[in-house]
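Okay, so here's just one chain, in structure tokens, the form predicted alone.
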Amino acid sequence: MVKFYNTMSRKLEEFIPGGVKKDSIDEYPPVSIYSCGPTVYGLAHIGNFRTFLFNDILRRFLKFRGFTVNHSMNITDVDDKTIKGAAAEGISLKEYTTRFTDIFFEDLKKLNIEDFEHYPRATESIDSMNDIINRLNSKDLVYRDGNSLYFSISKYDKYGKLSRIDPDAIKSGTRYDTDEYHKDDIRDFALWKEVEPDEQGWDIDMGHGRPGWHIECSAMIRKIYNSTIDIHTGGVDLVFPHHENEIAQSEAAYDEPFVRYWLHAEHLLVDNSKMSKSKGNFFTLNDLLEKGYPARSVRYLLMTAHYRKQFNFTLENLENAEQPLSRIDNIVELCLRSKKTGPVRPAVKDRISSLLDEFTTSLNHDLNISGAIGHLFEAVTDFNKIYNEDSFSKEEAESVIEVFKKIDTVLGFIFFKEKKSSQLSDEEIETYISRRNSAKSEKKWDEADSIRDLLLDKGIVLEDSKDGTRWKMV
């Protein structure tokens, strides 16, 4: 049974797509998911990517469990910041936002984040915004100030149920005309904004202008799904006012529930502080790649903590991420090198089965990714022990690789490299290792070192442990 922590109810709930329980997973309709995406006025930072990786794990796991997924992530290509940025550079809004949108998609590929089914743009959803505003206006929930249109919170008695904000604290008629966040500052929010003479605008039934930030997501969701959706995700900083305002305008307009499950990811800290360029702890993905850190390590590290827990990112931890990843690489390489034939031993078969069960059970419980990864490394340790007792047969190796590949449909950071070519055969390499071991036992250290160096020159790295010496290609 899959369970998620629903921000709306503040409790763990069984996940039931479509709201009606079925006898089996394949009877459910596609899971509709909407994830708040980037506002494309600059480069996304690693805090953003922690949330985007959470979205990736969510969709991958649902598919792993057998659900079909219909996932959207918006591109906010018109708001206060994008307009200001385009004006500062003296270029069109589209030219400005397209540049950062393209970089964003390149970053997603580098982090091995799956493609979603939909990437709607705010500027392509004006018709849906017009419909929402017209519906709200017919219910006397819209008022005009100049050429801007506002949602009247004081006339909507269901406001505040997601964030638990007290609507009695509303100062009637106080307007919220900025796209910036103001915690616990409840004001009427702009649905449609007046534009400056040189600003781009659009025509709707109630006048010329541009969208308010909050209505953009409601409109894109309605345009794609046309009904209640299963899951809405985002960072915890979006609970109020953004998601609260989405609920108010959507449910008031269409008289039906907006979202069944709200999932929110916690903040990322860097060196135990909020990211800030002035502190020197603000990193984009490209910043880290230019420092020499692999994108794979970034993906792995940002995934290791549960999405509802704050995570402290450090460059030291990023550097240390190479070690656990190399443990996985080593066991995969041992499997790929296995040549002897033979049956799959019960110990191997049982460990594969228990790994799959433990991994799935952890993720069933509100995407407990840290627990799932922990079970993976426990299994890696056990597979190494079994291998050291008697190396895998080809059939056993294929079984281990198969379960790793299944698990990696969720994790997305295991590499399944084909064995690299070498000037030496496996038998020749093992002969050199045997000679080196003999030299070491006779304390002929120079000879042992020269054999290690000879193999290294041929792209073969030796790894000594209490269980013996292993080799791998580099």
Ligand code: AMP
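Position 1 is the first residue in the sequence shown; the rest follow in order. Since we're looking at a predicted model, the values are computed, not measured.
Not on display, but discussed next: the form predicted together with this ligand.
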Can you work out which of Gly234, Pro120, Gly160, Pro241 has a heavy atom no more than 4.5 Å from this ligand in the predicted complex?
Gly234
Checking Ile224, Met275, Leu93, Val344 against this ligand in the predicted complex, the residue with a non-hydrogen atom inside 4.5 angstroms turns out to be Met275
How about Glu266 - does it come within 4.5 Å of this ligand in the predicted complex, if we only consider non-hydrogen atoms?
yes
Give a yes/no on whether Ser32 approaches this ligand to within 4.5 Å in the predicted complex, heavy atoms considered.
no
This ligand contact at Pro38 in the predicted complex, heavy atom, 4.5 Å
yes
Taking 4.5 angstroms as the cut-off for heavy atoms, does Asn48 touch this ligand in the predicted complex?
yes
Could you tell me which of 58-66, 442-450, 38-46, 23-31 sits within 4.5 Å of this ligand in the predicted complex, going by non-hydrogen atoms?
38-46
CA-CA separation of Gly292 and Lys279, closer or farther in the predicted complex than in the form shown [shift of 3 angstroms or more]
farther
